[in-house]
Structure formats: C-alpha cells, structure tokens
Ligand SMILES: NC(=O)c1ccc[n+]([C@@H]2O[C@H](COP(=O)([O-])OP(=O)(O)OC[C@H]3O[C@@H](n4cnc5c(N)ncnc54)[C@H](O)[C@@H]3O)[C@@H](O)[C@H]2O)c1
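Take a look at this single chain in structure tokens; it is the form predicted alone.
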C-alpha cells in the first residue's frame, strides 16, 4: 500500500452512489476495486482507474477480491420499491443473502473496516415497514450486529436519506421523484403531482455531500461500529422539489393532479445527523444547486439518446 493510500472495495460500483464514490477515491489516488453484476448499474459510469469485476455479491467467487483490502463500501442492493414488492424472494436473496456474503468475504479477508448502506425507509412509518425493501434493510442491520458481536468486526452503518444528483438511476420501473419530474419536462410532457404533495416531505441530500462523509470514514476511527443518519437536516415537500425543478429548467408548470392512494399516505422524514456533525461533517449543497447539477447531467443523457 502506498503511503497514506488505501485499497478500497466498492460493491455496486456501477450504480449511482458507487460510481460517484469511485470518482472521489480515484481522484484521491486510492486503489479501487469495484464489483457490480451490471443488472442495474452501467459499466460506462465506472471511472477509469477502477479495477472492475463483473460479479454477483451472492457468489463466493467474490471472496478472493477482498484479499488485501483495507476498506469496503457495500452499496449493492435491489432498491426499486415496486420491484422489491413484486419479487420478495429475489429482494431477500440480493439484499439479505448478498449482504451476509459480503460481510463473510470481509471477515475471511480480515478487512479492517466495512461500511454498508442502510436506508431511511425504515423510518418512514408502519406502512413502509411492511414493504419487503424495508424488511430487507432491517434484516441487514441485524446481520451487521451479528458480525460485530461474533467476530469483533468494525462495521459502520450508513443510513442514507433521499440521495439525488448526477447518475441517479432514472431507468427504474419507478424512477426517483426528481428523475421522474425532470424526464417529463425533457420530453415535453405534463408531470404528475399527487394531492397532498405539499405535505409529502423527504430529507433530500446531495450525493457529493454524502461522499464527503464516505471519505471521512476511510481514516477517522471515531466512526468505528457506529450508525450514522445522513441527510440534509431539512424536510422538503415534493411540491417544493417540483417548484425548484421548474425554476432550474425554466419550464412552464402545468402538472396533472391525481388523488393519492390510501395505501400511499404522505410521509415526512428528517435526518438527525448530529452524530455525523460531531465528526465535523455537514451537508453543504443547496437543493437548487444540487438539482442544477442533476438537470445538466440528465440533459446530456437525453441528448445522447439514453433517455427514451
């Protein structure tokens, strides 16, 4: 290992968070090993300089890749909520079996520290907790506790709130709200707004701000075996997101208003990121600034013909 540089492995390296993190790590001259089965991730998003392996986190074939690794970021997951509901068995196989397999690979290779992705879905009320995605994430937290207790592993839990920014996966069956609205405007269509979206609020946090915390996790021993909620500290309504996108894109708002289903009541989330603040971390990107970056990236994707 070079002086001050680490060998870092990322699962889900071709995805939204993983590819952005890989950019930061490569720029900082760390050695990066990336794993992705490319079911959802895009190979063209993996930056040059990454030692890329097309592999499945459920397979023991990944074990040799962990040899000599100093830090693991486990970001691979099945996370499109409708898809998770449609196929609970695959959801558990990827998110639960896959996570256990990554921890086992890290244990066998004596990796000093493993970071893994949690989700704010577990804090979005009883209805969300009945969903298979949230169930899988709750189970992952128990698995992490098991590895900490049984093998004295240093496992850092990163509970992301609603991340957005360039490379957010717009190809999902149900894209994240920001991508969905931007795509509608790019195609000249009327976006759909649901009744009650002024009360439907989320803590949206920009991906580069999250990567600031990822970089801190590399060397700060104060993160050891802790869980961190990572958000902006602001709860923003979907209507406010819509209005900001309208401003950024300079479009004329003319949404289609639809009633909200009883099975999808408005929810408000707000991250208590006080533990991360103690380490000197703070989100710094405003919603408008972050959305401008995402809109610019999605405009380029649209121009390339990637957004159909």
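Since the model is a prediction, treat every value here as computed from it, not as a measurement. Positions refer to the first chain, counted from 1.
The same protein also has a form predicted in complex with this ligand, omitted here; what follows describes it.
Engineer: Would you classify residue 137 as touching this ligand in the predicted bound form, given a 4.5 Å non-hydrogen atom cut-off?
Structural biologist: Flag for residue 137 set to yes.
Engineer: Answer with yes or no whether residue 290 is in contact with this ligand in the predicted bound form, where contact means some heavy atom within 4.5 Å.
Structural biologist: Flag for residue 290 set to no.
Engineer: Look up in the predicted bound form whether residue 38 has a non-hydrogen atom within 4.5 angstroms of this ligand, and give yes or no.
Structural biologist: Yes - in the predicted bound form, heavy atoms of residue 38 and this ligand come within 4.5 Å of each other.
Engineer: Decide whether residue 77 counts as a contact residue for this ligand in the predicted bound form under a heavy atom distance cut-off of 4.5 Å.
Structural biologist: Residue-level check for residue 77: yes, a contact with this ligand.
Engineer: 117, 133 and 163 - do all three of these have some heavy atom no more than 4.5 Å from this ligand in the predicted bound form?
Structural biologist: Yes: 117, 133 and 163 each sit within 4.5 Å of this ligand in the predicted bound form.
Engineer: Looking at 167-175, 103-111, 148-156, 194-202, which stretch has residues with any non-hydrogen atom within 4.5 Å of this ligand in the predicted bound form?
Structural biologist: Answer to the contact question: 167-175.
Engineer: Among the candidate residues 32, 245, 57, 276, which is the single one with a non-hydrogen atom no more than 4.5 Å from this ligand in the predicted bound form?
Structural biologist: Contact with this ligand in the predicted bound form is made by 57 alone.
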